[in-house]
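Only one chain is given next, in structure tokens, and it is the form predicted on its own.
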């Protein structure tokens, strides 16, 4: 990781709107970055600009935001043993049991961080295992690599093999300890969240205490909902007093503006209305939904309801760490639902939308003055512009790689920028993104 931020970045820029699901294209722009890593200005490069393009052939966009991913599933990416509940038993739980071993957990944490950087993901909402030590190891790796994360212990005290369970009192004490030492580290770069894995894996007491801590400490609460019909049926058997799956979480204080629900495939109309009324965020995970045969979430419906929506790789049911591929899967799923969501909106969801879903939109997801310079440079043919540029960026699976990934203007890893031959011409007024 670079010791100091790049002062000026020149190139083609894709700048998401702060509010509408649109992207402004700047064919040749200068992004000025202050010493604190925030963007000071975005302006057109003047005709006589002598500063070379920082990464020739690349396009610059905000860092990608993974709204839902599982750390202990990194090495079982693509393990075909689904659907959901059999897949958990055959592939996931045996793998997650290995995270009791600190050496194993450390090796996988490195692999996950390297994968984020290689794919241009600068912020991720991460489910850890039920092992406090492994969670600590991941947070240390995130800090060392310079990435951002919202992460937490996976809370599970029933309905799984003993090696991946942790009694409620012990799990909550570990959450309190991790929160005290890690939450808000480095000006909010690392944050803790409460993660009752899903209702099946939690006793009512654990669900209630997770919701209580989320509210008391203003922590995100991440969980799954309505991914699979068998999952829904089993959930309602365990919680017979609740009206529906969402009602289980409502009854235990786990639903509100800080809640991020993954999947949301088989929700009723009433459940969708209640999500809107309670300002719940949605993590859309189309690739994993395809892989496990779970179904297609109605993305257009969620957007029309005004819900905050981000895209999640959901590794390891998801088969890639690339949010560009996930956006392509979201496009395919929207076509199957008969309500297309196009590439401009999808790129917005993978950047600005994810920042909003994770309550970090005050500083992330835009390329504009005042926002942190979390950026990614991706190879896209220079001849492309307009819709063709977005199509190539998201839908060409064999298109160009990520050239560089930056957090607060510091290059975490990637090709060194082109050397600067001389000073940039004098400042010009910033144009709003």
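Numbering follows the first chain given and starts at 1. Owing to the predicted nature of the structure, the values given are computational and were not obtained by experimental measurement.
Here the subject shifts to the form predicted in complex with guanine, a form of this protein not shown in this document.
TODO: Have a look at 288, 121, 129, 222 for me and say which one sits with a heavy atom within 4.5 Å of guanine in the model of the complex.
DONE: None of the other options qualify; the answer is 288.
Worksheet entry | Listed residue that, although guanine is not shown, lies within 4.5 Å of it in the model of the complex (heavy atoms), from 348, 87, 272, 182 | Going through each option in turn, the one that passes is 87.
Any idea which of 159 to 167, 301 to 309, 196 to 204, 109 to 117 reaches within 4.5 Å of guanine in the model of the complex, heavy atoms considered? Selected stretch: 196 to 204.
**Item:** Triplet 73, 263 and 292 all within 4.5 Å of guanine in the model of the complex via a heavy atom
**Value:** Per the other structure, all of 73, 263 and 292 touch guanine.
Next item on the list: Mark residue 192 yes when one of its heavy atoms lies within 4.5 Å of a heavy atom of guanine in the model of the complex, and no otherwise.
Entry: No, residue 192 stays farther than 4.5 Å from guanine in the model of the complex.
Is residue 317 close enough to touch guanine in the model of the complex, meaning at least one heavy atom pair within 4.5 Å?
Yes, residue 317 is a contact residue.
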